[in-house]
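Next up: a single chain in structure tokens, the form predicted alone.
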């Protein structure tokens, strides 16, 4: 229903080729036909004069605007007015810059976009923010480099902090490392780790409350209202926080799985064990206590290996450079042999690498270590293949140091192995119970089920969902530090392998995100990617059938449920993606400015020509995060696409309700193109699962086409990244040609 209290005005900008390419007077008539009497055009609406005219109209009582001009991604601040709903109609990038000027089809396209914009402005409500009490205290879990930095910086910004560390003392791995990489010019010499002054600074800050030897029993609630149960020395403390930073660090990869590299021999140790030896001041062989004078460092020990850790841990090379220089300082008669696949020393660390190369007692050899074997006197023989000289070589050593990789402390090494093995079964597509069991294992471990950190009281699991290598993350390309639980941010080596300096930088980012979360929550606004969105999902529970689709498909754990399956919303967990709206078969979920009814009304508002006019009508539903901006970029480059398609931006491809497709086909649209972000861990949908969910809902779409006796090819789903904008016009034109070959929709005219 149209809102009775809406006083709507339409403004048409004639700048940027719009007035020269379209019949503006004809468009003003369309506005009148849509029942809107207030319509004006202006040569340059974004000018000071144009904005002042709009403000005067708002002051006279207008509370809803349709501004037809450039893309809504431009001049956003210029056309945002307090207390006034503004709908932007994209006539520049999507019409005049991507279609022939003064052409009948271009004119029809512009008029249809204007109709859709007016309908949306009539149907939508200006969102009223969700108001609730917000606690602005920040909980930091983990007292290592990342956690200490996050706590200090958050406190310096004026916020109360609760810092929780499971060990009896703060410091994390810093307590085990006496020396560090160089952090100051000329970036050549080792530096001493100063932990005491950092701990003192934390202890003396009145804004920071420290709990050591503590473990989290449970976290319930939502951003701004997280209720934490903390167990310390046998007693339980309860308190409330607004946001959480998880900085629980890392642990070494399980070296017991590296038997082929000699681990198990007393004189084959890990880089962590080597750190302890160097800190003692003497490098003595574990087997007999004799000085080790020939030490072989095996790089990528289990890393960059599909059978172990497929990824690079980023810091192992620099650890080896540090340890090689360190042992040379302790005893200049010691020789270090660095056996590497590649040396990774980015940025200023190149000078540090050069410093090690200049040392005559450090030898670098590129190759693959294939075996480490013990001799009779406990010495070790290292076999190296694929060397630069093209020959296999052997190195005899007193001690072998394995540069093992970093695993997030929230993960279980055995879980990584299970995930890898199960994923291999799924990828091969083996049939039967084995495949089903593997699918369940992949799903369980990808959700981080059973890990022992935050103990979240969420229906979707007690901890943070993770990427395939068990690092918790939300969107590593666009949104580092974010996780898939709103208001909870990861920092340091639990998020990605990092050195001390990178962990400190990570902690700064996570601290800022946590602060932003509580501040936005206090205004009833959401975090990324719908930044500052004040709308929120409303549920007509009287029609709910407890099907659980919304609770199961929400990527962010927004919805809990009661014993009957009725959804229990936690609004401040919500990212406003609308996936629940797309999932609901009963259409009980809506937002003030985005609903099944609003989009359906937009779809039905356009003029569908009769079949004999030979002007097909296509509908495009574009994800607002990648696909819609991609089409904007194509328009900026003046790349042409079919004038027969009408685009509607959607919050996420996962928010598309199947009823929109049914309405379009029943209305007479000849084809429907859905375009979303690329799914999967290598790119990631902005809302995690939206594009993937649209693929899984394909069966529902096929059923609807079958009911209407229409060809499956009339609906097409595509995924692309914003950088692939040049592909989108080609996809559109190919789809238009395909529909032309299939023929017109037989429902046209009904």
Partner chain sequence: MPTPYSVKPDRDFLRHLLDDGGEDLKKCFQCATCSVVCELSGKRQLFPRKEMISAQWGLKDRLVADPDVWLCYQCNDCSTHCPRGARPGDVMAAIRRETVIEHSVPSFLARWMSRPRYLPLLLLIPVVILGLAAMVEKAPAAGQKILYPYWWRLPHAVLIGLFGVLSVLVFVAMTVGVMRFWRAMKAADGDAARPTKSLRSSIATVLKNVLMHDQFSLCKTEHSRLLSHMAVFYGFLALSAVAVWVLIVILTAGHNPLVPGELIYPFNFWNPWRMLANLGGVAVVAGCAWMIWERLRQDKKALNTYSDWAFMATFVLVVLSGFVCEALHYLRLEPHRFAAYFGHLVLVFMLLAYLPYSKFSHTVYRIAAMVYAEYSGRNDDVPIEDTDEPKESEKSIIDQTSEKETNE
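Please read all numbers here as calculations on a predicted model, not as lab measurements. Positions refer to the first chain, counted from 1.
One more form of this protein exists, namely the form predicted together with the partner chain; it is left out here, but the text below deals with it.
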Option from 644-652, 545-553, 387-395, 274-282 whose residues, in the predicted bound form, bring a heavy atom within 4.5 Å of the partner chain: 387-395
Heavy atom of each of 696, 718 and 721 within 4.5 Å of the partner chain in the predicted bound form: no
Listed residue that, although the partner chain is not shown, lies within 4.5 Å of it in the predicted bound form (heavy atoms), from 192, 197, 360, 184: 360
Selected contact from 131, 329, 350, 103, since only one has a non-hydrogen atom within 4.5 angstroms of the partner chain in the predicted bound form: 350
Contact of residue 560 with the partner chain in the predicted bound form (heavy atom, 4.5 Å): no
Residue 383 within 4.5 Å of the partner chain in the predicted bound form, heavy atoms: yes
Proximity of residue 236 to the partner chain in the predicted bound form, heavy atoms at 4.5 Å: no
Heavy atom of residue 666 within 4.5 Å of the partner chain in the predicted bound form: no
